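Just one chain follows, in the form predicted on its own, and it is written as structure tokens.
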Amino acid sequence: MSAALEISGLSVRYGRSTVVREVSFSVAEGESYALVGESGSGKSTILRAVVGMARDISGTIRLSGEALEGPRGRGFARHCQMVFQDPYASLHPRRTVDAALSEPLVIHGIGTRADRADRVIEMMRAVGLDERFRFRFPHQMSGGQRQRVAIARALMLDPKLLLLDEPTSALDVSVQAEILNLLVRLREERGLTYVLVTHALPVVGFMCDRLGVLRKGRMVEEAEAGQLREGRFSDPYAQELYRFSLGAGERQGQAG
């Protein structure tokens, strides 16, 4: 199976600080791959490098075998999209759902006004949003509804690769499972490839086939989802993350 995303020797710097150090991994087409680690480990920075938001980088990023260099163009947007952590921050407060979803089609000159309206309704249904939300503004919607809009917007150009940056961490616990189930269903229905950034290992076990563990900007281990479910890690830091995901770390601290 060919690779949807290949990253080789990636380093990212912000000023004098190097936040990602010589990271390499590959994601096959149709695979769901997670980047995990504590805050500041470089997870989200890698996604920003892929979409061109991190400029001071070295190494190679390939999308379906083609090296990405310089500003990302329209071709990139039709192949890869990103869903951010906070849907309220990622949606324009003065744009309706219809305007937010139509915008990518307008920018790329896709379809007539009627075609775009049909596509908006189609994608709203795909993410489980009733048509009555079409002309609402972000502040008139719940966090879960806003994230559904953000996911629909990412899918408007029918990309094959989605970069998911903590897509449920800003949502209420009661809504998180709904969004995760939606993402799983969309992946199956549309043959999508995911790269997921998260600190929640149970989410990885539910959504992903493989994961890479980052610590202080370095990839310390890659593992299959089966290894995660069984807690079989070779790196001590990965083992520690797993123990804390079970609450073992907290219990050990109380016992000490």
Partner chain sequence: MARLHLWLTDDAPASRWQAQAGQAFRVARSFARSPLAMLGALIILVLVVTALFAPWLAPYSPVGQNLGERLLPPSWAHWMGTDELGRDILSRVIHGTRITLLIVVMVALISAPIGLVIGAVAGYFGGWTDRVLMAITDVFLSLPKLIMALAFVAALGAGLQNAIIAIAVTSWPAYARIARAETLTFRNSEFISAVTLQGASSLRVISLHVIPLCMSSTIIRVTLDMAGIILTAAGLGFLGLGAQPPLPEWGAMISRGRSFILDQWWVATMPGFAIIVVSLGFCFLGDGLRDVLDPRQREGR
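Positions refer to the first chain, counted from 1. These numbers come from a predicted model, not from an experiment.
The discussion below concerns the form predicted together with its partner chain, not included here.
Do residue 121 and its partner chain share at least one heavy atom pair within 4.5 Å in the model of the complex? Because no heavy atom of residue 121 falls inside 4.5 Å of its partner chain in the model of the complex, the answer is no.
Is residue 91 part of the interface with its partner chain in the model of the complex - any heavy atom within 4.5 Å? Judged by the heavy-atom cut-off of 4.5 Å, residue 91 is in contact with its partner chain in the model of the complex.
May I ask you to state whether residue 82 is within 4.5 Å of its partner chain in the model of the complex, using heavy atom distances? Flag for residue 82 set to yes.
Determine whether any heavy atom of residue 53 comes within 4.5 Å of a heavy atom of its partner chain in the model of the complex, and answer yes or no. Looking in the model of the complex, residue contacts with its partner chain include residue 53, since a heavy atom lies within 4.5 Å.
Triplet 74, 98 and 106 all within 4.5 Å of its partner chain in the model of the complex via a heavy atom: Yes, the whole trio is in contact, each within 4.5 Å by some heavy atom.
Enumerate the residues of 124-148 that have a non-hydrogen atom within 4.5 Å of its partner chain in the model of the complex, in sequence order, or give none. Counting only heavy atoms within 4.5 Å of its partner chain in the model of the complex, the contacting residues of 124-148 are 132, 134, 135, 136, 137, 139, 140.
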